[in-house]
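Next comes just one chain, in structure tokens: the form predicted alone.
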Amino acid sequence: MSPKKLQNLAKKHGTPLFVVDHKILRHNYATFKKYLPRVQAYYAVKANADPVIVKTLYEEGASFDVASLPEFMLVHENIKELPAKQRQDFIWDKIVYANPIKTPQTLEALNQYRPLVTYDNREEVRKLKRHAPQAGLVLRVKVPNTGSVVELSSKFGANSGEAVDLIATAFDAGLTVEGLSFHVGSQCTNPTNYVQALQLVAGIFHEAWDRGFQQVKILDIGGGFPAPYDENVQSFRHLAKILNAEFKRLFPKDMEILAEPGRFLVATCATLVAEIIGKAVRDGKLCYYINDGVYHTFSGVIFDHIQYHLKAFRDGPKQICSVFGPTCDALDTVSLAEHLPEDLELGELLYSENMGAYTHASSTHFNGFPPATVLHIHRD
């Protein structure tokens, strides 16, 4: 979206303004399907749970990865008008509850829908047997997370050596294991993680089949697909070429493959526009204060380990500046090294691109400041 268009929108709707461009969202989904034709995309709702985003992806044909009961019900809202049989088929084919640890209350609420859920330990098997015996299971396996921005393997995933025993434990409990899953870490810029993970789970599949568990036929390759935050991120097409080669080499043609892209689908579809509300020089360094910060749309600076860069709507002599959010907390630091014009005045606007993932989703009302206004733009 052009800077001029963003300025006009901010003038009309005020700031901070979180602009979601659904044309880009649809393009990102189409790109995923184009380069990974064997893979069904289950959008990771936690990346941005805005109901309008979920609806657009639903209309484009996406499935959904949910990790909480509210996320499950959010997706369920899109299908409640379907006949009961179609609704159940959708839940089974289009939703995976990909949080390996679930409360008993959540499982009891989910059981009526006969969902597909992940697990990674024996205690979870006992919990599922008691509270959600109608669920289908997917065993999550621990895989390398080297080079990913957010590492997940220390929190989730069964060791490969115990994987088939955990499958057997579930079947012995009267449950059904449908497949295997893994996650290479969020914003994974190291394709080797995927290659190693696929080789690892291929071995587990063959061991499971050799032990009589032929029905274990779903492969969930998780998320981690990187968003192009900068020029150092390799193209999705490059990663997809590697993945497609490994699929062909390691797995039978009838293997059902799904993935959980979140960041890749939504990061580039949103832009934040904020207003300069303060300006000072501290220890010889120019500081700008804006009406959005890390407790709001820039929460990814803290929780997602991503540095979002700011741009001005006009040129001018530039210098390295600090940018702070509006709260009274010194943690509310957006950046200590932004290259911005030195003569920006109070009331002028800045904007930050690629803000769609793990940003507005974590906004709070800390210090009394509300989250940014969300504006959805639908273009052909």
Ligand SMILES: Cc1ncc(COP(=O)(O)O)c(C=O)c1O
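Residue numbers here begin at 1 and follow the sequence given. Predicted model only: the values in this text are computed from it and were never measured.
From this point on, the text means the form predicted together with the named molecule, which you will not see here.
*Asks:* Do residue 225 and the named molecule share at least one heavy atom pair within 4.5 Å in the model of the complex?
*Replies:* Output for residue 225 is yes: heavy atoms within 4.5 Å of the named molecule.
*Asks:* At 4.5 Å between heavy atoms, is residue 46 in contact with the named molecule in the model of the complex?
*Replies:* Although the named molecule is absent here, residue 46 would touch it in the model of the complex, with heavy atoms inside 4.5 Å.
*Asks:* Is residue 262 part of the interface with the named molecule in the model of the complex - any heavy atom within 4.5 Å?
*Replies:* It does: once the named molecule is placed as it appears in the model of the complex, residue 262 has a heavy atom within 4.5 Å of it.
*Asks:* Is residue 218 close to the named molecule in the model of the complex, meaning a heavy atom pair under 4.5 Å apart or at it?
*Replies:* It does not: once the named molecule is placed as it appears in the model of the complex, residue 218 has no heavy atom within 4.5 Å of it.
*Asks:* Heavy atoms within 4.5 Å of the named molecule in the model of the complex: which stretch in 157 to 165, 272 to 280, 236 to 244, 181 to 189 meets that?
*Replies:* Looking at the other structure, the answer is 181 to 189.
*Asks:* Go through 290, 258, 197, 98 and name the one with a heavy atom inside 4.5 Å of the named molecule in the model of the complex.
*Replies:* It is 98.
*Asks:* Just to be sure I understand the contacts: of 250, 152, 149, 301, which is the one whose heavy atoms reach within 4.5 angstroms of the named molecule in the model of the complex?
*Replies:* Looking at the other structure, the residue within range turns out to be 152.
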